[in-house]
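Take a look at the structure tokens below, where one protein chain is shown in two forms, each on its own, as structure 1 and structure 2.
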Structure 1
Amino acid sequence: MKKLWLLLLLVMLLPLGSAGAQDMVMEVGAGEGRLDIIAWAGYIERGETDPAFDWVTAYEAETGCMVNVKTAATSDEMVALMNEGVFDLVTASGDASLRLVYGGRVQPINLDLIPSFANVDERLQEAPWYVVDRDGDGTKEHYGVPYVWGSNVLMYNTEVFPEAPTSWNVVFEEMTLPDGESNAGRVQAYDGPIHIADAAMYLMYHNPELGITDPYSLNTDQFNASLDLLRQQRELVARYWHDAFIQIDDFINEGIVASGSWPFQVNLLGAQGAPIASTVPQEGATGWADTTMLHSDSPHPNCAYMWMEHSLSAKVQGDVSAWFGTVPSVLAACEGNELLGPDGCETNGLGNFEQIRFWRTPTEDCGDADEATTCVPYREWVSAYIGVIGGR
């Protein structure tokens, strides 16, 4: 019996032991012959869907690392896979990256080994969703390299709005739209707790006395004010959206005329000939920027470093962006890419960068120098949003 307890104790301690600190890789040796990546569907293409979109075959031929992709549908699935499985890399969005860093699942990157990092858009080189000082030694570490990014635009029906709406108030406040009817029941909002940041961003512009400086770092008062705005929005929203194709259907068949959305839906609806356009209103917009991160127990670190270098080449960046409707992190990719075309970067939202507040996992640590202030963590964002959508 005593042995059994000892065994149980050991099993319980197991996850604690493996989360220890990691030494940074100092040099890239020969490839290990294999690379396991967790990625969004469509992020790592080897020409199987469309032969023109292939950024894996050349890498495999050059390095001898055979690429294995495990696709994930949500940020949370990615975090879960990284927690439980043995993988090398993950293309984590901003709402997952800090969870991975503070959960000890990813290791800092030695940028000296990735020369192409110098070509990355300077505005992304020190981005707070993957560059943090986790060990508290005063210098920040890079937990990965940027992949591609995009923004949550305001999508609207051009028959109802002859002019592009200038404010997000069309989805937050009850009003009469240009076609003479109320917006109640005709607008949508994103069905994920991260949407609270959209409300906070709106308040940041319209209620400066709340003192919001970052929609992802909210104290209790700021958080509650955002929830009040969302409760008001609940009265207007007939259904929240989470699935791009259901939203497309709602715009076509349900008479929905305005909603926060992704360039992906705007492009698809436009391709179908629907009277749909998008804009970034005066308050700005939220967005997502994905980071290629390295697992702390990566079995193939050399192949992983070679992939990170490869992923930052202008060709790969341009091809991914053309395929997925994103903006490349390497600006050189915007020019001379056949698949993306000359205006691809602008179409996908390159010009919006300054107005975009990128997704970041809200943590209790507000991210400022003051240790005394605490912010509302993501866990509470989830339960609060469930309450708001439930009408409470």
Structure 2
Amino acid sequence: MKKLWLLLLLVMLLPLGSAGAQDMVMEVGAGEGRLDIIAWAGYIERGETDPAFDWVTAYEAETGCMVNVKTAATSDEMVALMNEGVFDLVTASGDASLRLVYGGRVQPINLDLIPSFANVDERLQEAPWYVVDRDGDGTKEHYGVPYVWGSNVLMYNTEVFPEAPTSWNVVFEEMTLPDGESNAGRVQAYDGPIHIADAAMYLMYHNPELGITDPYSLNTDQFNASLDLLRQQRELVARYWHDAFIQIDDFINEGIVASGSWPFQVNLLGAQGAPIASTVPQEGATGWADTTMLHSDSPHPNCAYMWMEHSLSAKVQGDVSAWFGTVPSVLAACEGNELLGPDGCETNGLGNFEQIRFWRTPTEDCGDADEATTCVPYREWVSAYIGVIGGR
């Protein structure tokens, strides 16, 4: 925990544009024999967890590029790792992708070298969390290719909640749960500054007088109200989680009964026979649409381009989504995938795209017509959230 927050502070202090940038790759040559990827847990599987889920072995056999994966628990950790400059790719969520772009850590992608990009869901082909005009020449560049997307669900114990909770209040407000016991000490919250957006989204629904319209664009009053809610939540939280497998253990062995989570944990717990389910409550959910991005100083760019093409195959997209509980960026993956099944995309939230508040990096620009209004930038989210967890 202490090491992670020190990495976050390093990210905050890094000057923008400090990394060197390569010219855009114009052709894919022979593979360099190695590929280093920073990824969320469960995103890059080679059959070691479950033999049925393996989208690495075939790639290695075809390209000769041996895949090495560094698992990151938060977006801030991903940014910090990319600052080290020894990786090729990162599966970045929207709260990290623009920091990587404007920090000079990733390079524009030559889409001509990725034919399968044409098969990507049109709603994601120009998404603002990875398609920007960084150099100001009037033309937007693609800084990566979409991977998969999903929502931050409310995971709960079905023995404690015979019926699905209808509100996120079970993790934000002290109450007696259906089993007759308090929720204090039995819930968790995400260990990352972006969790402030979950509090803001809750207040959007329950305190409309605050005027919140976007949980990532908060003026000072809205931001402070969100922090107050998080300080209230702190009195209930048994652990701030960022490791998916530790959260799984906490639900099995430590009496945790409700928390924001990912479908990945829900699926693994369900496969173990644990009394676990998930829901998206009435307030909605935050979510992530992740992008595979290429480091500015990638030591293995040919292997990286071959991986980005591989990652957009319908088979890989379907298998990843079946394993993690996500929605594929290539909609053709929703049909004919044995692991995902005929209803997998709908089950994983395909129809919820317009309702999800996708993660993005908060900036001072509120994105509205009132240019005099200033929103709280991400660096202040980081320091404020450290204070919340520390009891301030």
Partner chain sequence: MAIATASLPAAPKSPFRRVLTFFYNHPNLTLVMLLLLPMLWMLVFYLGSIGGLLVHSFYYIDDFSGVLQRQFALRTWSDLFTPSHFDVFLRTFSMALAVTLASAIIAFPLAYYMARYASRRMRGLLYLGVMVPLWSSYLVRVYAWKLILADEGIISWTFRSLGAQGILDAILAIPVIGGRSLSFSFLGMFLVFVYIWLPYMILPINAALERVPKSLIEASGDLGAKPGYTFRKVILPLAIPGVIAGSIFTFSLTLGDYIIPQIIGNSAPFIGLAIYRYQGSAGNLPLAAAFTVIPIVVMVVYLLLAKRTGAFEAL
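The structure displayed is predicted, hence computed values, not measured ones. Here, a residue number simply tells you its place in the sequence of structure 1, counted from 1.
Only structure 2 comes from the form predicted on its own. In the two-part rigid description of the change between structure 1 and structure 2, residue 283 is assigned to the same part as residue 373. For the chain modelled as two rigid parts, C-alpha superpositions between structure 1 and structure 2 yield a turn of the smaller part by 24°.
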